[in-house]
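Presented as structure tokens, the chain that follows is alone, the form predicted on its own.
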Amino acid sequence: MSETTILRGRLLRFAGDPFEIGAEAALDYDEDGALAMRGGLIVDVGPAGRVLADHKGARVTHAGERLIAPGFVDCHVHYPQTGIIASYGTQLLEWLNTYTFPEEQRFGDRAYAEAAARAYFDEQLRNGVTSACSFCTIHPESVDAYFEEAARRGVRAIGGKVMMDRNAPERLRDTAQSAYDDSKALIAKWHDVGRALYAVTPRFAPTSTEAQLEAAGALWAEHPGCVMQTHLSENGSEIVWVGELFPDCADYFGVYEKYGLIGARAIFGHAIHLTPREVERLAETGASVAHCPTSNQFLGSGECDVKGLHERGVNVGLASDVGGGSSFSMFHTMKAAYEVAQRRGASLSPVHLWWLATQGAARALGLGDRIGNLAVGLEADAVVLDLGSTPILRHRMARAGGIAEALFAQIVLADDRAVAVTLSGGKVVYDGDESMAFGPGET
């Protein structure tokens, strides 16, 4: 039987959805808290006095003044674009052709894909992201490299082979049949193996023929436990293009409806320029939206109406969308989400933002009962944060009037330097602060 280990310090978790019950009721915070872990799961959490009394003999690590929080969840990212982050571009379609497609052609080389996966997970864990849902490329080698590296690190990973049989360079096109066959083989190899989950991944409607979208819908129907990920209504020119390619569909979302690519565990990246019908159908079908604010600003795509979507019953999670997104940091992503909401006149509190980057993103992936919070029975994924990681943050924290104010200061000012330790399944997967004296791979 595995040993119970306890991490003690300031403790942040969620009692519920702040969009439903309000920020104050949703925030659950202990100035002196404890997180008890065993066998990769959380077995107890709460005030330190009670947790320590209930688990006498457990090994305890003190986080001091640091904050113990749920690991961040990035619900929409492109790991093959790690090498082209921060590339100058105009807007979405030009950016894809100039940078994304040339880079992705290189992922048929297994060694290249493995190196990219190592670089990606280095950045993910250094930024406190414990789970992510990534697009791979059309190459099965890119999927194998992604899941193998995730398994080696011991982190939860969701991902899938891109399906793309038109409107892309020849070396990045598969066929309806090969996309189905390759994806089916990868599902058998990786789905629900260890901490891996497969995502059926048609890139976006313009790069799939009707035959391929039909194949994708059939594949997901055969494997409903998988996630389905794609893109929706990111850019005005893209939406016009979709209308030209699929004139018989009511709108962009209608394309995915036609081919059975909607429902719970379907997550749509961006979803900026939605019609009222599309919003209604997203809510009715239980589909989710990945809000990618740094990418939307970087590529000039527009501003997602996060609060409006929530009010209409649509699940929303926060995502980096690297490499169109400009940072692996969920602090930077939360800050961008705040700024987008401000411009829309619908301010998001620090509690709302932090929830979107953890439990909200987990729920958008259909994994709210496994990850994204610090609660009994969930996987023991956590991040330990230094709230005074830079001189300006130390100066600011001396004046913080409470935990919510401290969280907001982190959103605006923190970066990867704030991440002292990242834990996945109760094991240390990144240690940026050896003063906490964790043993190798232990808590």
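Since we're looking at a predicted model, the values are computed, not measured. The first residue of the sequence shown is number 1, and the count goes up from there.
The same protein has a further form, the form predicted together with a small molecule, not shown here; the description that follows concerns it.
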**Report entry** Listed residue that, although the small molecule is not shown, lies within 4.5 Å of it in the predicted bound form (heavy atoms), from Arg363, His352, Arg153, His231
**Finding:** His231
Query raised in the report: Of the residues Tyr338, Tyr120, Trp220, Trp95, which one places a heavy atom within 4.5 Å of the small molecule in the predicted bound form?
Result: Trp95
Query - in the predicted bound form, segment of 242 to 250, 276 to 284, 153 to 161, 199 to 207 with a heavy atom within 4.5 Å of the small molecule - result: 199 to 207
Query raised in the report: So, in the predicted bound form, is Leu299 in contact with the small molecule at a 4.5 angstroms heavy atom limit?
Result: yes
Query raised in the report: Could you tell me if Thr100 has a non-hydrogen atom within 4.5 Å of the small molecule in the predicted bound form?
Result: yes
Query raised in the report: With a 4.5 Å heavy atom cut-off, would you call Ser131 a contact of the small molecule in the predicted bound form?
Result: no
Query raised in the report: Would Ser295 sit within 4.5 Å of the small molecule in the predicted bound form, counting heavy atoms only?
Result: yes
